[in-house]
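Just the one chain here, the form predicted on its own, laid out as structure tokens.
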């Protein structure tokens, strides 16, 4: 009986295997480490089971096709993912399951994922995506400009909605709930959506198109009900904390025909999974799964320009995952958020380009003259960069931008 998980240099049919790349930190040699992962996540265990036949191994066993330096490339037969029940939870249980707990591996990180089209076609993908958002907001070329209502929690519905209105009057195209706000007593979802919708209607009457993403992150069996509450009260966009809710919650929204608005995907909790460079799952892998599951916009980081930890090369890879060709899926709008203010827009856009949603919370609400002025300053900064004019030069004739730069730069 031949049961060798090593298949070095073998070319796998990308339509017959889910192919994953890992980096590994271990005292084991890299080939042995690769075998440990392949056997744990397919047909093996710590000893040889008497029930493991050569036929089962050949049909269902994973293959280590590359093991060099600290990198391992493993193909999992597509049949391992078959069946009507399973989905992204089952995919993750195989490609990112028990392997992280293996005692022989000090660290292991899933850095890339290649999915066969025969599996991807089972997922909805974005309904609107980047181009759909641009169409809704009538903003075909420039970055989208948005804010997060601050403080994160505490504002009652009417004050919350007034913040959104002031941001819209300042020229912003987008605003959103923060990840910690859902349906608390001080700002119930139904009341909040209703008040915000009234303000968005008013902005539209005044000639400005804006959308707000309402956070409906909740239990799996309640998320469609939460979406109904938001939509019945005029929501123009929904938001999901995908890692706390789970990918199936996002997919359920994307597949429901009544959810006819874009879905903004927040990545709250991702640092617990992505931050350690030697262990966990990379953000590009999460981005691929979000795109499959139906997210229209996804937080990807600020390319070093904001307050959050950043691996710029990984953030650029995430951007590529969202904007590149991927099994005919629509492109996803990358969202940059976390410690941004108008003075960082040039630095950000030098890396992100124009296909980005620039989202500033404190960088709008912290402006010396208030939310509307903060929104104007952010919009002016984007206009300056798109026009090829330096921020300080542009600020000479734009008071709001000048005050923002004087405060934060």
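Numbering follows the first chain given and starts at 1. Worth saying up front: this structure is predicted, and the values here are computed from it rather than measured.
Keep in mind that the form predicted in complex with a further copy of the same chain is not shown, yet the notes after this line are about it.
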Q: Could you tell me if all three of 84, 220 and 341 have a heavy atom no more than 4.5 Å from a further copy of the same chain in the predicted complex?
A: yes
Q) Of 211, 72, 281, 161, which residue is found within 4.5 angstroms of a further copy of the same chain in the predicted complex when only non-hydrogen atoms are counted? A) 281
(Q) To verify the annotation, which of these, 93, 313, 258, 204, has a non-hydrogen atom within 4.5 Å of a further copy of the same chain in the predicted complex? (A) 93
(Q) The chain here is shown without a further copy of the same chain. Which stretch in 315-323, 250-258, 193-201, 134-142 comes within 4.5 angstroms of it in the predicted complex, by heavy atom distance? (A) 250-258
Q) Within a 4.5 Å heavy atom cut-off, is residue 183 in contact with a further copy of the same chain in the predicted complex? A) yes
**Q.** is_contact(residue 42, a further copy of the same chain) in the predicted complex, heavy atom dist at most 4.5 Å
**A.** yes
Q) Would residue 48 show up as a contact with a further copy of the same chain in the predicted complex if we use heavy atoms at 4.5 Å? A) yes
Q. Would residue 52 sit within 4.5 Å of a further copy of the same chain in the predicted complex, counting heavy atoms only?
A. yes
Q) Going by a further copy of the same chain in the predicted complex, which residues of 369-388 come within 4.5 Å of it through any heavy atom? A) 370, 371
